[in-house]
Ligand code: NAD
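Quick setup: one chain, the form predicted alone, written in structure tokens, and binding and motion questions come after.
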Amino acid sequence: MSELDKNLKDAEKLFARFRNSTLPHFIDGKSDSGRSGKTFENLTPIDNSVIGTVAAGNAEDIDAACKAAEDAFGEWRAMPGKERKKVLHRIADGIVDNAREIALVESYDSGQPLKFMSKAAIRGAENFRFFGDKAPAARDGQSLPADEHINFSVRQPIGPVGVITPWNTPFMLSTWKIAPALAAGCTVVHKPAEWSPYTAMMLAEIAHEAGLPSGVLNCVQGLGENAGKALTEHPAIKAVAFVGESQTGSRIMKQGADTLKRVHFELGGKNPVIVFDDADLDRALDAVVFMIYSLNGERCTSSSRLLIQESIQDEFTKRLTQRVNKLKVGHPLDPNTEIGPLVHRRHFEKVSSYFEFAKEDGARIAAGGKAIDGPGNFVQPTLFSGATNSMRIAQQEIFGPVLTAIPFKDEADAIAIANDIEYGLAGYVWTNDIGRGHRIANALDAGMIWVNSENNRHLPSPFGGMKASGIGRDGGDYSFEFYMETKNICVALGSHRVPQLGR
């Protein structure tokens, strides 16, 4: 039996439970079938066949989950941080124990190649361990002494929070939001993306089995316009963490305005990778290919604009084209597959539309540029060359395995092109001139810059974007700044003069 056949067989066993019954919510520590009785179908992008039906959450389901989170908040926030740490580590252990099952489900559900999903679950476990280790010190603040007073700050959890996660690498990204919220002492209502709902239920079950108290983590399935909107408007929810499109983030901000919700947004990106002629071009080529074609190009930090110095444009583009043409497109459960199907037919059609936009705007299709015939949502890995930064393929987030190459003259030209975009999430610079690397990093309008590296994840570092790419930062102590309130306590030493009125 081939590795693909074995993975398919195991995936079918896992999905048997979903095909025989509707995927429910998880509210107050137990499975919940919902209050509306409505469902929606979930499809696998491999062939667009139905995996199963999913409960379509409504405002009543969200209300039940929010009340459960509200009721559980007092006990969870009062639990000592060292005890929360133990719970989060047990959740991490449970994720590791179920890592293969999580990867198979996520790959089959989202179309992401198993090559990458096999690591995503482990990264999720690392998130829980990292923030679990930080839980005992989450309340800590600063000592701020004055001449006649002692000031010190402490932090306390903000309350129940809403977490809305996307369909690309959904399991890992949900842990990136949920783990710090739990470590801080918040309770959570999670609304996963409707296009990839299954691993959210797996996470809720793993957390419950690890001893997370009932109501601390709740999961409500459903559509954004119903369940998502109800969550962002619910008065019990004190903050909303969202990963997704910039336009959706704008709507969530409006929906939460009446209840003065704190928001944290990780939104879209159209990130530049700038390659200078003095760079290590072999390493740069590896990074350029990896950062746009891995994960089907469906990642916010993908380097979807290649800014290549004119003096090396032809040679580098030639080598890049050869690499793109060798990428293996195939079944996501095949361990050799590098690019799988796009998550949903609607997204497939969006990505495919840019093949015509490129031609209309005058770019050249150096590789790919076509949808692949068949029942699934497969497209050829694509490279557009000879582009300008004003083209739609350079300005709009395609979110697929599509790279746009744009030539530049010198350092100033590269900076101008890189910053001429509404987004500002990430940037990548390849040069052996260390001074230039620092200058470019300081000049780019983006929240994260990697010099001579692909996206290298460091959990204590701030993660987030500028402009239309987001609000706030994740990672390390930055996460606690969102999920916690800072309180200053001032104690007088008894020596200062108190103003007197009416004597």
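The first residue of the shown sequence is 1; numbering continues from there. Here the structure is a predicted model, which means the values were calculated and not measured.
What comes next is about the form predicted in complex with this ligand, which is not displayed.
No residue in the set Ser303, Val379 and Gly400 has a non-hydrogen atom no more than 4.5 Å from this ligand in the model of the complex. The closest non-hydrogen atom of Thr175 lies beyond 4.5 Å of this ligand in the model of the complex. Proximity of Glu245 to this ligand in the model of the complex: non-hydrogen atoms within 4.5 Å are present. Looking at Ile308, you'd find every heavy atom of it more than 4.5 angstroms from this ligand in the model of the complex. For the chain shown alone, Arg251 is a contact residue for this ligand in the model of the complex, at least one non-hydrogen atom being within 4.5 angstroms.
None of Gly162, Gly269, Pro180, Gly111 but one reaches within 4.5 angstroms of this ligand in the model of the complex through a heavy atom, and that residue is Gly269. Interface residue among Asn127, Thr431, Ser385, Thr232 relative to this ligand in the model of the complex, by the heavy atom within 4.5 Å criterion: Thr232. Residues with any non-hydrogen atom within 4.5 angstroms of this ligand in the model of the complex fall in just one of 133-141, 218-226, 312-320, 388-396: 218-226. Although this ligand is not shown here, in the model of the complex the stretch 156-195 places heavy atoms of Ile164, Thr165, Pro166, Trp167, Asn168, Leu173, Lys191, Pro192, Ala193, Glu194 within 4.5 Å of it, in sequence order.
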